[in-house]
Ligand SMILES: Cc1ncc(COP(=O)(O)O)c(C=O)c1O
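Form predicted alone, single chain, as structure tokens, below.
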């Protein structure tokens, strides 16, 4: 927990500042605890290096800003996280960057867009938020290669345990470490895994922009990594069990969960498909969804995911609030859609709470 670091001589300090000698000088330039966290993430993702940031959106912003300039086009999945959508639609567009949104699962549409727009980069999510659509990362990399288009993959939902986009050819793997990596709902953080040259450029950029991870958040994220396999495996297996039960409930008109048979290029390292379950409540609108969430007793209504506690979110209110109703409808986010982040509790207890909340909201 230091903002600056002492060296025995000014000569040594000079060498460290000039990158002629390894070491630490100032908190914005690097920290040993943060460095340990970055090394751990790089190893998990099979990357040369990783760079930590103060939040997941800081990492998303840094990844985009590194590869695009005014006049460039970026191709993005139309159903990405709402804040990622907004930063492209509103902020980068004002800087002269043109975002083009496509159905990232429609590879013919992606290929046509690449040929028509010659984008500098593609931004997609391994498993999309909140509709849980799976991107074919090996195919996206193959489509991007002829035009030297950079491939940026948000791997937050899948985690390094399920998919390693870097090993599949992606240029950057982005995480909101707030979520599963730290895993306890008590930090804010982001991290990008990449090749050594890209990571060096990201690190230099972060020094100038100042969106660095705090040492305490990095330390807590390292703590989270110690239990990541235990937590996440439990959450994934519970999610699959919950899906089976929700599909039998007539009050649920649609259950959304990744198809376990879909594994393009063997990108998934196991049969697990994540710990997020989205579902639509039959004949419900905003008032009915609010009543459902208010009736929960164990599951927490919260604007995040990946915690040890089960959490429920209403995308139209929270994650995709910045989208207009028309934009949400175009993406496929209905007014009766909710997103459940499955925690480490007993799946029977999670289901009991869902059932009693449905009983209360829809007597």
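From a predicted model like this one, the values you see are computed outputs, not experimental measurements. Positions refer to the first chain, counted from 1.
We do not show the form predicted in complex with the named molecule, though everything after this point is about it.
### Query
Tell me, which of 149, 238, 77, 178 has a heavy atom within 4.5 angstroms of the named molecule in the model of the complex?
None of the other options qualify; the answer is 178.
### Query
Using 4.5 Å between non-hydrogen atoms, is residue 189 touching the named molecule in the model of the complex?
Residue 189: yes, in contact with the named molecule in the model of the complex.
### Task
Answer for residue 57 alone: is it within 4.5 Å of the named molecule in the model of the complex, judged on heavy atom distances?
Heavy-atom contact with the named molecule at 4.5 Å: present for residue 57.
### Query
So, in the model of the complex, is residue 305 in contact with the named molecule at a 4.5 angstroms heavy atom limit?
Within the cut-off, so yes.
### Query
Is residue 81 close enough to touch the named molecule in the model of the complex, meaning at least one heavy atom pair within 4.5 Å?
Close contact exists here: in the model of the complex, residue 81 approaches the named molecule to within 4.5 Å, heavy atoms only.
### Task
Tell me, please, which stretch of 263 to 271, 151 to 159, 217 to 225, 88 to 96 lies within 4.5 angstroms of the named molecule in the model of the complex when heavy atoms are compared?
One stretch meets the cut-off, namely 151 to 159.
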